[in-house]
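Here you get one chain, nothing else, as structure tokens; it is the form predicted on its own.
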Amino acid sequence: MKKLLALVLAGMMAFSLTACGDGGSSSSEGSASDGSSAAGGEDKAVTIGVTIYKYDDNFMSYVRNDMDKIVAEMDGKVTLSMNDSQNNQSTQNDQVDTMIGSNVDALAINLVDPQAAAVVQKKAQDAEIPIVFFNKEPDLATMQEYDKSFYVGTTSSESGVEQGNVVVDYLKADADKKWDKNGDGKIQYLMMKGEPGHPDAEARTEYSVKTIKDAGYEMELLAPEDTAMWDTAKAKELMDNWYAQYGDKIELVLCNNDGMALGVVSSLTANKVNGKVMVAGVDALPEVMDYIESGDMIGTVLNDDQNQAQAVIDLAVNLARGNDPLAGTSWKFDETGKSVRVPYKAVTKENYKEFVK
């Protein structure tokens, strides 16, 4: 009888232990699916691996500094591993490999070449690490191949439209048509492009001109569109060459970014015609605000570095902690369900003080 009782008790204990084990496993899985992983959920310390296509790009330098400031003001459990890809895709690929090897929790990638997105994403996907591309937009089909791949940036065409609006508003306000130097009713202009093939460069080029023409202004391109690769020094050199050829015929210079607009103004200043040629840029860099005030530039377009940096950090940290990418934020995905779009805004002499940092 005692042996029988002992066997019954042993069986009951084994059943109890097995049931407790199953219950513990089920509870852990449920917690992870709720967005609070077993490693710590919302409080988990994470490292975000970041690459910037090149540190000395005017706009990206602000985005990078914004990221550092945002993380410094967070909970102390977010670390950035920041890398300068020096405008070399092979260098960036190696940096991604190194960051994955050091077990970063998420990647935030400002691509050197948007065409390399599939290669970079494959590295992240193979390592099961979420990735947030920013500023240079990958092909949507590529991002759709990985459920933890997203993008933060802008709508490229919008920047061109807003730059066109800057010009149109200036022309309408110029009742005496001082801009029309030769009195022919046409706008003789030059187009300074960023990186050829870059989605922003192509869209800004197309839509700025389209917006001005749609407003009823006739335009004449003095020289073929040319690139200064977003760079101030290259822009000054190109503008020096253009001015030597076309001189006072130039009425407007459209620049795909403010970095190049700064080079244009520098060239016009050296030729003592600053303020006599309409110059418009994109990015709303702090350096251009004085030029808008002085009249050396007619305006620019806010490319919101602070909110873009905030969105990148928000998405990357959420993904690193196993949360929904938009959890606890006011960001929204566009119709693709993959991209957060930060809006542009025209900046002119009438409102530039709102954007002085």
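Residue indices: 1-based, along the sequence shown. Everything quoted here is computed from the prediction, not taken from an experiment.
This protein has a second form, the form predicted together with beta-D-glucopyranose, left out of what is shown; the following refers to that one.
Quiz item: Would T51 show up as a contact with beta-D-glucopyranose in the predicted complex if we use heavy atoms at 4.5 Å?
Solution: No, T51 is distant from the partner.
Quiz item: Do N257 and beta-D-glucopyranose share at least one heavy atom pair within 4.5 Å in the predicted complex?
Solution: Looking in the predicted complex, residue contacts with beta-D-glucopyranose include N257, since a heavy atom lies within 4.5 Å.
Quiz item: With the cut-off set at 4.5 Å between non-hydrogen atoms, does S85 touch beta-D-glucopyranose in the predicted complex?
Solution: No, no contact at 4.5 Å.
Quiz prompt | Distance check, D296 to beta-D-glucopyranose in the predicted complex, heavy atom within 4.5 Å | solution = Outside the cut-off, so no.
Practice problem: Have a look at 133 to 141, 216 to 224, 270 to 278, 246 to 254 and name the one stretch with heavy atoms inside 4.5 Å of beta-D-glucopyranose in the predicted complex. | Solution: Every other range fails; the passing one is 133 to 141.
Quiz item: Since exactly one of I70, L326, M289, M60 fits, which has a heavy atom within 4.5 Å of beta-D-glucopyranose in the predicted complex?
Solution: That would be M60.
Quiz prompt | Partner contacts in the predicted complex for 196 to 234 (non-hydrogen atom within 4.5 angstroms of beta-D-glucopyranose) | solution = In sequence order, H198, D200, R204, W230 come within 4.5 Å of the partner.
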